[in-house]
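The data below hold one chain only, encoded as structure tokens and taken in the form predicted alone.
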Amino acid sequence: MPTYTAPTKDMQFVLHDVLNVSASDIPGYADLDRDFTNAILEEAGKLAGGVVAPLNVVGDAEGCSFENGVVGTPTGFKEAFEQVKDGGWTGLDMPEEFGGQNMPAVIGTAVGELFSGANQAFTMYQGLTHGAASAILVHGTEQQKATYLPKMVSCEWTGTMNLTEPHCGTDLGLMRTKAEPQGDGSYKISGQKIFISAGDHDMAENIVHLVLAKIPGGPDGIKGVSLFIVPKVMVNEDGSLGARNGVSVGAIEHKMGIHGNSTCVMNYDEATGYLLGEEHKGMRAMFTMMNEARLGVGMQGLSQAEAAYQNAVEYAKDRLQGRDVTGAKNPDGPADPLIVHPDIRRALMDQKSFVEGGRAFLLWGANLIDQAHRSEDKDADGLVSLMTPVIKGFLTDEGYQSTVQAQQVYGGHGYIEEHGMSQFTRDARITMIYEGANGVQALDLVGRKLAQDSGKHVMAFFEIVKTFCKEHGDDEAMADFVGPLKDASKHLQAAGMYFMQNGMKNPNHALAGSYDFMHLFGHVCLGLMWARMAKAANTALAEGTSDAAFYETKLTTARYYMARRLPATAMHLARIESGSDTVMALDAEQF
């Protein structure tokens, strides 16, 4: 059975050596000293590793049940959820006035990775609730916030987002769910939604659905979509629960992975709903949740890669297969361990360099969110908006590939369920699809985010890279990192220039290269993170750290990424500059 150990030491390195959070002037960051963050991460790690992780295999094997319209969660989920709730983990970074602890998003993100790495399907119940609560927090009336947020922050009530319908996924303008206005300010919601994660279950007494629907007479397409709060059970004026609403589960989906999460077909039969935000502005309100969810999904891809990598390393050290070509390393045994072989090392180094670089990227993104929200920094908000499709798309693509590599280390045993490695791959696969498939993330990046505010934010990113390279260009200890980063950044700039020069003439030239651009951007971001981590490691070693091996390992891993992974930017640029002619050359009938 797979195991999971919370990577708290590496998180501490990123938070303090790289991001230097406690020295930041962002409100709330002064409290984030090493002892404080270590206490939080250690406690979360104990709960994640000791309680939540053992249920990962249980949830995968049992799945959710659906009998007589009632959805049940796997054995042990309900008891574990109570422990998570009792510890206050569900409201870690939510406002105190609604029962949260008001900690920065950077801490909430780190803790989220620990729980997701332990058990992605289980953690989705609280993760989706957090997103729904965030949407109500931003767009709800004072009465709506008072009614729903205290119970959602504590996860006494959970939440969902309802977008997809059987005939429309990405193209939400095609939706048919209707919201008929009533005389009392409420609406009657009718329609069907599919693929609704945590749509129903037995771990909360109420579920607050956020549902996209169209009010008759509104504008056509996406401009006519509104967002509604539709509780499973009606809430009385005094906050007590009343009658069951017209919401039911038609079925639960049988899926490739995340079996422990109840993915439901939801039927709305004149269910009572309440407008959240403005009429016909539903996408604006929903994107508060969607953007948070996309960062969370990037975190899920990373977390599955971390968990799979941990187990692959242990297997590679224990499994005896073949001999080291340079001489036996286990001469008293029948063979050497797998980890002596260069190709196994390559696979493990690919995983290690991605996971650690991706974690730094993710936490930097959360740091930008705190800067945007807590310091009301519009530039930080624009930068994280630019980064969101990269975090979601790149981290999930690469995270999935890392789980495949970890599975491959096991050979045939990785394909056998008793070793549990296939679950990481199956669970990671959904991260590339939901909350906007990664192809859509790439289109969003190239079609919208690059030109946002006249390209201000991508230019700001280039300036960050340029400034780092300039500041450390004369440092001999940084030569292995600055040069490759500078080259990769030039590739990214050249790709952006290609889109500017060719995209207006033929939009397909830009769209055909969008996926490569997302990955090119992702590699440059991880290159920047590894350069920053290398600088932090060099500084620690120069100051005489008592843990030299840790920092030397960081430098070695950074060199690997720069030498073996970052050169992919040249390949992506070559693909982008080939244009769309070969992509679009065949007629539809020729496929």
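We number the residues from 1 along the sequence you see. Given the structure is predicted, the values throughout are model-derived calculations rather than measurements.
What follows is about the form predicted in complex with a further copy of the same chain, which we do not show.
Undergrad: Which of these stretches, 401 to 409, 67 to 75, 89 to 97, 360 to 368, has heavy atoms within 4.5 Å of a further copy of the same chain in the predicted bound form?
TA: Of the options, only 401 to 409 has residues within 4.5 Å of the partner.
Undergrad: All three of Pro342, Met432 and Arg564 touching a further copy of the same chain in the predicted bound form at 4.5 Å, heavy atom to heavy atom?
TA: Per the other structure, all of Pro342, Met432 and Arg564 touch a further copy of the same chain.
Undergrad: Looking at Gly185, Pro166, Gly242, Gly483, which is the one with a non-hydrogen atom within 4.5 Å of a further copy of the same chain in the predicted bound form?
TA: For this set of options, the contacting one is Pro166.
Undergrad: If the cut-off is 4.5 angstroms on heavy atoms, which of these, Met504, Leu320, Met497, Ala479, is the one near a further copy of the same chain in the predicted bound form?
TA: Checked against the cut-off, the match is Leu320.
Undergrad: Consider Gly257 of the chain shown here, and say whether it contacts a further copy of the same chain in the predicted bound form, taking contact as heavy atoms within 4.5 Å.
TA: Yes, Gly257 sits close enough to a further copy of the same chain in the predicted bound form that at least one of its heavy atoms falls within 4.5 Å.
Undergrad: Using the partner position in the predicted bound form, report whether Gly199 sits within 4.5 Å of a further copy of the same chain, counting heavy atoms only.
TA: Gly199 lies outside the contact set for a further copy of the same chain.
Undergrad: Heavy atoms within 4.5 Å of a further copy of the same chain in the predicted bound form: does Arg448 have any?
TA: Outside the cut-off, so no.
Undergrad: Although a further copy of the same chain is absent from this view, report whether Asp444 comes within 4.5 Å of it in the predicted bound form, heavy atoms only.
TA: No, Asp444 stays farther than 4.5 Å from a further copy of the same chain in the predicted bound form.
Undergrad: Using a 4.5 Å cut-off on heavy atoms, what residues in 180 to 215 are near a further copy of the same chain in the predicted bound form?
TA: Going through 180 to 215 in order - heavy atoms within 4.5 Å of a further copy of the same chain in the predicted bound form - the hits are Ile194, Phe195.
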